[in-house]
Structure formats: structure tokens, C-alpha cells
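Take a look at this single chain in C-alpha cells; it is the form predicted alone.
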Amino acid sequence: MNFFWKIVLFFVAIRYGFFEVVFPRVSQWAVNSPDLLPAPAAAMSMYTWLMMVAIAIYILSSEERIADFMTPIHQFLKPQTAAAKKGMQIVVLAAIPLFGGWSYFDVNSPKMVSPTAVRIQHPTMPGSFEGMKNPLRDPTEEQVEEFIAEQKELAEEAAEDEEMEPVTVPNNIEDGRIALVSKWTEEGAALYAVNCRPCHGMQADGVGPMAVGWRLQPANFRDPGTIATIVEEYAFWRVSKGGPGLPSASTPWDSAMPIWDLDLSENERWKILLGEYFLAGVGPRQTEKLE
């Protein structure tokens, strides 16, 4: 096999054999997906052009390689006497501009294609999460009393230590409950800043520093059509199970949300929701009661 056909075979093997056949199956196996996962079209185009540039550099780096590569082309393009070779030459030379024109038309022509799936914004929540309540929104009297006792101890320490900030002690159970929820909300906002801010933004507006890297943009929690329309246990389910926990109906979801119950405790996830709703300036939807 001469040098020209080795280059052609190499290009076809990598561009079509690897990227079209091997890569989708390896990706499917790596993430345990039920479907093949082909490389994105933009990435395929980039890799194709890079490979062509690399091959061109390799060929042009040596006069011997240039001569070996061009020899079959020169032999094909020179005047042919045999009818079969002359006919093949005409077919190939006519096919090249036709293929180029068809490719350009196929890429740039408007297309009317029905969606592959109907994506619903809020899929059905698993029954195991229904009826859950955020225990941190309504602390028990025992929790409030324990918090007040802690505040008293801190206030005594602050009175003896001039470097400590003064500590306010709630006067009664109701004030203590409000202060405790406020404390948990601040802790939730801090957890949100560490775990959620990169995608959803510090203002919960979906424009975090990593947001541009995802095909499906992170949710803007300030949008009245997002977390303000769902009950809090639904938001807890989404935070806990992330993108992999979404049901198979109406897939693909393209959600990059991690499975946070692998890294955060249940208490931390409830705190994050306190901070999330606070930063978004909205509250969770309240369950309607039938009269």
C-alpha cells in the first residue's frame, strides 16, 4: 500500500472508525447509559479539522512525503486513454464539487424537525419524598431552648473577652425560634456558596462562574417559574438525587446536577434549601388544602 492510501486509511479509521463506532460505545459503557453517547457535533468538527491540519503538517514536513502523497493524484489527473479510467476520472472530478455543494446546503439550509422528546420542566416526584417537611423551618421548643442556653453561654464569654463581638440572647421562645431559623439560614447560605454557587450563582440567578460550561443552563431560582412554584420536599428531592435521579420519562434531561446526598447530610441539604430560597428572595409553594 502506497503512502497516499495509508494516509486516507488512517484518516477514515480515526474519523469514522473511532469517533463514529468506538467512542459512542466506550462512552456508553463508562457512564452505564442505556443508549449510545456519540461525540458532540461541535467537538467532532474541531477534532476533524485538527486531524487534517496534523496530517497536512506531517506530509509537508518532507519533500519525499509530498512526492509520495501527490504521485497517485498526478497519475489519476493526467489524460487517460482507457475508456474505463477516463470515465472514472470524470465521475470523481464531477462528484467533488457536487459533494461540496450538497454539504454546504445540508449544513446551512433551514430544517423543520420535530423534537425527539417533550421535556417537562417538573417531573413527577417519587412517593418516598411526598409529605416531607423541612424540620429547620419550624424548630421544636426543645431545640429553641437549647439554642437560647448556648447564646447565654456565648454572651457570658463575650462579656469577659473584649475581642469577642457582643452576643444577643433572645428574650422568649418565639424570639429564639426566629433567631435559630435565621442562624440555620445563614449556615445554609454558606453551604450553598460552597456547593451550589459555581453553577447557580451567589445571587441564585443561574449565572455562576461555571454556568457557561453546561449545555443545559443551571436554573435561575429568582425566576418565578422555578423553585417558587414547587413545594420544598420537591426541591429536597432534586438536591438529593441530582441529574442521575431524574426519571426516565421524557429523557434526555441533560442535567449536570450532582447527587448531593452522597456528599451532604440530610440536615445540610435542608439548610441549603433555607439559604437557597432566602438568596432567591422567594418562598416554597405551600401545599393546597382541600376544604
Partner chain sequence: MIPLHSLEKNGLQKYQLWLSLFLLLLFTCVGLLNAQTAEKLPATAENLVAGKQIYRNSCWYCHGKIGDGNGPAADFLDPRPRDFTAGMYKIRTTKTGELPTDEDLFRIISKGIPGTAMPRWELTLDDNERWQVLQYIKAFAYEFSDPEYDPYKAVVEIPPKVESSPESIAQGRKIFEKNKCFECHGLEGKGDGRDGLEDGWGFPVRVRNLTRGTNIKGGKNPEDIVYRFTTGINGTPMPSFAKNIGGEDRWHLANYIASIASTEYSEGVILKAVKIEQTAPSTIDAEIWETLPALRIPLAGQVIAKPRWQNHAIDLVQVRAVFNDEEISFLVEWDDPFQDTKHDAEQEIHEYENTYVMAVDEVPRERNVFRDSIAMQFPVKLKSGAKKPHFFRGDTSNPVNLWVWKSDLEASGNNPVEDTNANGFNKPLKSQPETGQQVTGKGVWKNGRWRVVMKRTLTTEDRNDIQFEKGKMIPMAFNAWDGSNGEHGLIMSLSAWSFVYLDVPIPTNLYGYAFLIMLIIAGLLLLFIRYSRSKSS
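Definition used throughout: the rigid core is the maximal C-alpha set that superposes within 1.5 Å between two forms. Residue numbers count along the first chain shown, from 1. As the structure is a computational prediction, the values presented were derived from the model and not from experiment.
The same protein also has a form predicted in complex with the partner chain, omitted here; what follows describes it.
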property	result
Val22, Lys152 and Arg177 all contacting the partner chain in the predicted complex, non-hydrogen atom within 4.5 Å	no
4.5 angstroms heavy atom contact with the partner chain in the predicted complex for Ala189	yes
Partner contact for Arg137 in the predicted complex: the partner chain, 4.5 angstroms, heavy atom	no
Non-hydrogen atom contact Ala83 with the partner chain in the predicted complex at 4.5 angstroms	no
The partner chain contact in the predicted complex: Ser182, any heavy atom under 4.5 Å	no
Stretch in contact, per heavy atom within 4.5 angstroms of the partner chain in the predicted complex, of 214 to 222, 141 to 149, 169 to 177, 154 to 162	214 to 222
Partner contacts in the predicted complex for 71 to 102 (non-hydrogen atom within 4.5 angstroms of the partner chain)	Ile73, His74, Leu77, Lys78, Pro79, Gln89, Leu93, Ile96, Pro97, Leu98, Gly100, Gly101
Threshold 2 Å Cα movement between this form and the one not shown at Ala228, rigid core reference	no
Core-superposed comparison between this form and the one not shown, Gln28 Cα displacement 2 Å or beyond	yes
C-alpha of Ser182 moved at least 2 Å between this form and the one not shown on rigid core	no
Cα distance between Leu37 and Gln217, which in the predicted complex differs by 3 Å or more from this form, closer or farther	closer
Pair Trp29/Arg238, Cα separation in the predicted complex versus the displayed form, closer or farther by 3 angstroms or more	farther
